[in-house]
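Only one chain is shown below, in structure tokens, and it's the form predicted alone.
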Amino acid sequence: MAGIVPPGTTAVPADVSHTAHTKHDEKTDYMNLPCPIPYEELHREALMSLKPETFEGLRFDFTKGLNQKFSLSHSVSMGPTEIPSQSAETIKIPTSHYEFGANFIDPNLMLIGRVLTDGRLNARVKWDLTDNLTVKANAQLTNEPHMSHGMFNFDYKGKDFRSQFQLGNGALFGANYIQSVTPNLSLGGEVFWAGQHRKSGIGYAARYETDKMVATGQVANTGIVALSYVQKVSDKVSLATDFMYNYLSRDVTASVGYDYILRQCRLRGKIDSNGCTTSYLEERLNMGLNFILSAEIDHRKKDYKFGFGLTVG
């Protein structure tokens, strides 16, 4: 008689009760959402696979640390440079550059400077004023008229949101904001005004991220629609794809790529709808010594690029 359920009472299986209890425990706490990534880095996982820093010719980079915070860098590059042309054929001229750099990296302050033999000077500053507020500055000075530019960014990191205000030469003003709305989904938007060209724009973005995938979407009234998706096959292998569409010019480009991390090297590559194939290999030969191979083939333009380099330090 002890095993008989009294009238009007329904027996609940133990596994069902446990599942309901687990779902109750996993209820989303909207007051403790994670902080999203910066708005300008929405597509960073896809860019790692689909936009490697390819080059043509020879490149040699050497970095010498003077102490824990200060280091000097030297970079030599030799290879052809493309020049604008009215014809479909690509025109290249041989060039060579030497670049000298100085770096100061502190937990709260980063100063990076570069000067090239052609007269260009690049400078970057990142200063963490507080745990939430960061000031960034980028500048490039050249001998060519109207080609120098500068930009200031003020970034604020909240508990579950990020915001940024931009100020640049040419009366350029911009702002963006991104907010986590669930533990996996974040939504954001941006506006800008270029006073020198009398142009303004507004855009919206969404990013959905889990442990195995990242999906992003971005649209702006300038005509750009950008979609990307990254699938994390394992800790060492990622597959990526993106879709770019300009509804004003009707240009469409789609690409697929991969990012494969081995024990001693990293291999990245892509192929797009324009018939362009890219591959980029970084291999660690020894501690502080890396060998780089870069290749890009554009079948439509009949343009072939190949480069190799060494990175020391």
Partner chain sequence: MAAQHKRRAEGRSDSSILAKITSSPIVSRGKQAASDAAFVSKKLLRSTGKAAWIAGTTFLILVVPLIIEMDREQQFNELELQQASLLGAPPTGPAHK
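Keep in mind that this is a model prediction, so the values were computed, not measured. Positions refer to the first chain, counted from 1.
One more form of this protein exists, namely the form predicted in complex with its partner chain; it is left out here, but the text below deals with it.
Undergrad: Under a 4.5 angstroms heavy atom criterion, identify the one residue in 58, 35, 66, 265 near its partner chain in the predicted complex.
TA: When its partner chain is considered in the predicted complex, the option within 4.5 Å is 265.
Undergrad: Suppose contact means a heavy atom within 4.5 Å; in the predicted complex, does that hold for all of 260, 278 and 295 with its partner chain?
TA: Checked in the predicted complex: all three residues contact its partner chain.
Undergrad: Quick check on residue 74: any heavy atom within 4.5 Å of its partner chain in the predicted complex?
TA: Residue 74: no, not in contact with its partner chain in the predicted complex.
Undergrad: Residue 299 near its partner chain in the predicted complex, any heavy atom under 4.5 Å?
TA: Close contact exists here: in the predicted complex, residue 299 approaches its partner chain to within 4.5 Å, heavy atoms only.
Undergrad: Just to confirm, residue 43 within 4.5 Å of its partner chain in the predicted complex by heavy atoms?
TA: No, no contact at 4.5 Å.
Undergrad: Are any of the heavy atoms in residue 244 no more than 4.5 Å from a heavy atom of its partner chain in the predicted complex?
TA: Residue 244: no, not in contact with its partner chain in the predicted complex.
Undergrad: Select, from the options 50 to 58, 35 to 43, 269 to 277, 245 to 253, the stretch whose residues sit within 4.5 angstroms of its partner chain in the predicted complex by heavy atom distance.
TA: Of the options, only 269 to 277 has residues within 4.5 Å of the partner.
Undergrad: Since the partner is left out here, which residues of 214 to 240 would have a heavy atom within 4.5 Å of its partner chain in the predicted complex?
TA: The one in contact is 236.
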